[in-house]
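Next up: just one chain, as structure tokens, the form predicted alone.
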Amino acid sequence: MDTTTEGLEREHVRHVFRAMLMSRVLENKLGSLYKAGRIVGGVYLGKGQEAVSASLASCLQKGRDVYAPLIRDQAGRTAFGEEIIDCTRTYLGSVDGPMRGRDGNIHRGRPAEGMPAMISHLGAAISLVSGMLLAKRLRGDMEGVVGATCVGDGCTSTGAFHEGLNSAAVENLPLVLTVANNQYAYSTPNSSQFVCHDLVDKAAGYGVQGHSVDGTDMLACIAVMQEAVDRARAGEGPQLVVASMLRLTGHGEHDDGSYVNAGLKSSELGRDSLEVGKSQMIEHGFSDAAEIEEWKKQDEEAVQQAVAISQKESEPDPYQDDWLAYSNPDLQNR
């Protein structure tokens, strides 16, 4: 592996890999629970996208920055500081979870901590993050703040993507927008989505800085994401990062992904970023095989404990719930 480690901090690299590893362990468990019929609704995994997701979120500061994780961003959630039990409680419908059992799977967040709940119309996250940044600007809290989200290649063909990125560019917002180019919008290949040579070419059309990275290469992802976040934080406006890889699973656990081209699977795009990251950790002296194995055992125990707790907790009771249609209870009687 010839990826350079110049400028990379040891603890930063270790933090990214640990988030990737925890995400894989957690999502493997979620997949098993789904197949066992213990989860209602869909399960969407980030296998193959962990390096991109964790590298972006690890450059952000919880409580200061804004991070809107999307469908395959469990590694980013973990790197940003989301507690494992927030995930298991949401998937298992616990009333003690962040969504109080009212919404499931990836539609969870803690806006007060800078992490809004995910919106199914994925392109809307761009405008959402931009709006949160504008609110900070109006309050005078914008100094040194960055907002970030990650969309898929299919999202780049939507109006929400265009309007969101164009608006962020006009306002010169410190937005880092990552496009996880996993070659398919669900089952639609890139060849049927766009005709530009590379999605990063779209950056020029919006007047923003573009970056490209191999999404299977953990160290390269860390370096590129750090540069993009640093530029945004320094006032250089929106940064568009295009990371290329495959998702190593179906669109969701209900989908076998049989439509994915076999040639892509056997190419470098089909590499497992977690395995690449593990090799890089050992090769460059960031860790060793024994420590990584110990981390995995610790993660498995933590996940098992979170699942056990979540399964014992109550589900929401519609006859006792205090849910209101208004975010501000004072508006209830108006």
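Predicted model, so just to flag it, every value in this text is computed and none were measured. Residues carry their position along the shown sequence, with the first being 1.
The discussion below concerns the form predicted together with another copy of the chain, not included here.
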Among Asn181, Thr156, Gln239, Thr249, just one has a heavy atom within 4.5 Å of another copy of the chain in the model of the complex, namely Thr156
Can you pick the stretch from 226-234, 78-86, 169-177, 213-221 whose heavy atoms fall within 4.5 Å of another copy of the chain in the model of the complex?
169-177
Taking heavy atoms and a 4.5 Å cut-off, does Gly207 contact another copy of the chain in the model of the complex?
yes
Within 4.5 Å, heavy atoms only: does Ala262 come near another copy of the chain in the model of the complex?
no
Indicate whether another copy of the chain has at least one heavy atom within 4.5 Å of a heavy atom of Asp201 in the model of the complex.
yes
